[in-house]
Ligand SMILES: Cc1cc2nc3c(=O)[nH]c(=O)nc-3n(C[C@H](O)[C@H](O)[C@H](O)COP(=O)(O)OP(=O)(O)OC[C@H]3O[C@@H](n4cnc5c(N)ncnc54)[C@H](O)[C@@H]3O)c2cc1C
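Before any questions on binding or motion, here is one chain by itself as structure tokens, the form predicted on its own.
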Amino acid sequence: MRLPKYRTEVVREEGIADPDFLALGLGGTNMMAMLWSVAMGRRCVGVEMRGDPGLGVHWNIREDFYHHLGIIDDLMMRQYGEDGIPRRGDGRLFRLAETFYSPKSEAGDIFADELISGLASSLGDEIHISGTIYHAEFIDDRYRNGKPNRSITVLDRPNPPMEPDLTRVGRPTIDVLDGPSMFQAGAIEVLTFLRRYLQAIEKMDMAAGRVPRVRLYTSHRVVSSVGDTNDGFLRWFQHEDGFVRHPDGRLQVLIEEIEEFDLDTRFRRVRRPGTPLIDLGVPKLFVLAQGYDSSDADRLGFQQHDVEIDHHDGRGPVVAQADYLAGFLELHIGGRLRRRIASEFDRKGNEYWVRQIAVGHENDPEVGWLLVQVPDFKTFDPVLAGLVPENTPRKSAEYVAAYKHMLRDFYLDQAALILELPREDLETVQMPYGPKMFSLVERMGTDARVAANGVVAGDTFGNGHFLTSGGAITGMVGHACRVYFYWKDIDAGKPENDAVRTLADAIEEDTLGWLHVSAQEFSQALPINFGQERIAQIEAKSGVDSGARATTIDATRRHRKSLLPLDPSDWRRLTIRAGRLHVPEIPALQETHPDERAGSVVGAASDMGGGDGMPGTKMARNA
């Protein structure tokens, strides 16, 4: 067999070889880590293959994030002076903290690029990216003594800080997550403004002809192979590894430019034809933070294990997991964080607790991000529901259509309950995304250190419960600032090996804190991102112990269809269900339980239907 010949040129670009800090993956964790590193006088390189940020969710953000931005602003000024700080399009200094939030400006329906480019200020708008939470509401609709019961707790508005606290850094992540959410912001806008700051530093340094403090490669990845073959002997013969391990255990990294295209409903990536490999050399420190499923981490031998939780229901420890439907509706939730917990019953009358969350944005009438939990016993099986014949192929259009119909039907039912809007009204609201089924399974690695000079962080190391925006906070506030302390250790003379070991252990500690506060989200009653003081307030009003638990079912007993984690590429595959913008703000909460209202036909079995003599039996909803 005659194999084709490939000539692969390897280049070292001026100013990037052997950087102080290399970020593999440019999500929130690594961009904050880069900012800390630049602020500490280090030279940084960032590598990302997906281009600009594209994450479509909305985050509830703890106060510490704002303070960290302010500390970075202060460090940048002290390190480089005013001339070394980038400016926004209107000529103002680009300050991270005030771009995110300032009591002197307002929230609104904006894009980060409108603010940073100066367009907003040219129109007379003084705005910031985040919104504050004016209304924090908790609805407890769980049955008591076999009867519907509603308890509503409206919490005091958290007071946003007037200015950054320059001493508030390094708090244990468990303490950060135990505090209330202070801000709400679109993930894409937060990530975009961090990216634009880094790009502005790169641009100003290159324009000045000096070695850039930051270099970004946003359509690149660590080298994996030559050519675009997918399998077989040829792939093995051509294989190249972009990680080169040196005798001292440190890794050298080579990257390649890629092109992305859509093939058979999946995004494929290949090396851009004719481009050389780029040798980044051996970084002093690299952090790999590429999301929950990182092939680069796998190549370095990193592995995760399932996290188990003992729900004290007699079954012992089981895998911590839950299934949710996510969707985005164009309706006016506003500066509100509303959470609901309710009882659902299976055919045998066993009680399960389900949660919904509604998140909006201050002064933005188009943001309606809702997640609803699926009870463990719910299957969405069109055959069991009587929607298709028994032998209908699962990949047929009829089966898939029935399945998706059941998802949307259940989602809108649950959304109506938390929004206090009639179901028929929600049918007419424009829906740019979802409902999308996904499973959350908590996983965590055993050691964050993967090389003498490298660690994994963010979701790549471990993931907890997402309803709290805990992943974003653990990564951007916890893991990222540990890189700041790494540089402080180095500056203090700590040996590099010891400093990396300390960094890896701190990343593990942060993730363990996230997992600890996440545990109650799987089977207990009260949400963690309201803060411990507010949890006590809810507990006192509802009369339900926050440690009380509901029935759960282990993963092996579930009968689900097509459950996968949310795919980041989904956000570039928006399928808009056309409709109207629901401009009025959502109604105030009613005092009566939904099952006790006039016209309700769903008894103790709620929307699931009953069985075994319980009221409300509906075959399509039992499935």
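Keep in mind the model is a prediction, meaning the values are calculated, not measured. For every residue, the number given is its place in the sequence shown, counted from 1.
One more form of this protein should be noted, the form predicted together with the named molecule, which is absent from this view; the next part is about it.
* Which of 284-292, 163-171, 489-497, 116-124 lines the interface with the named molecule in the predicted bound form (heavy atom within 4.5 Å) -> Heavy-atom contact with the partner occurs in 284-292.
* Asked: Any chance residue 19 has a heavy atom within 4.5 Å of the named molecule in the predicted bound form?
  -> No, no contact at 4.5 Å.
* Asked: Is there any non-hydrogen atom of residue 459 lying within 4.5 Å of the named molecule in the predicted bound form?
  -> Yes, residue 459 sits close enough to the named molecule in the predicted bound form that at least one of its heavy atoms falls within 4.5 Å.
* Answer with yes or no whether residue 59 is in contact with the named molecule in the predicted bound form, where contact means some heavy atom within 4.5 Å. => Flag for residue 59 set to yes.
* Asked: Just to confirm, residue 28 within 4.5 Å of the named molecule in the predicted bound form by heavy atoms?
  -> Residue 28: yes, in contact with the named molecule in the predicted bound form.
* To do: Identify which of 40, 55, 586, 589 has a heavy atom within 4.5 Å of the named molecule in the predicted bound form; exactly one of them does.
  => Going through each option in turn, the one that passes is 55.
* **Option touching the named molecule, based on a heavy atom within 4.5 Å in the predicted bound form, out of 69, 33, 44, 47** => Selected residue: 47.
* Asked: Going by heavy atoms, what in 204-221 lies within 4.5 angstroms of the named molecule in the predicted bound form?
  -> In sequence order, 220, 221 come within 4.5 Å of the partner.
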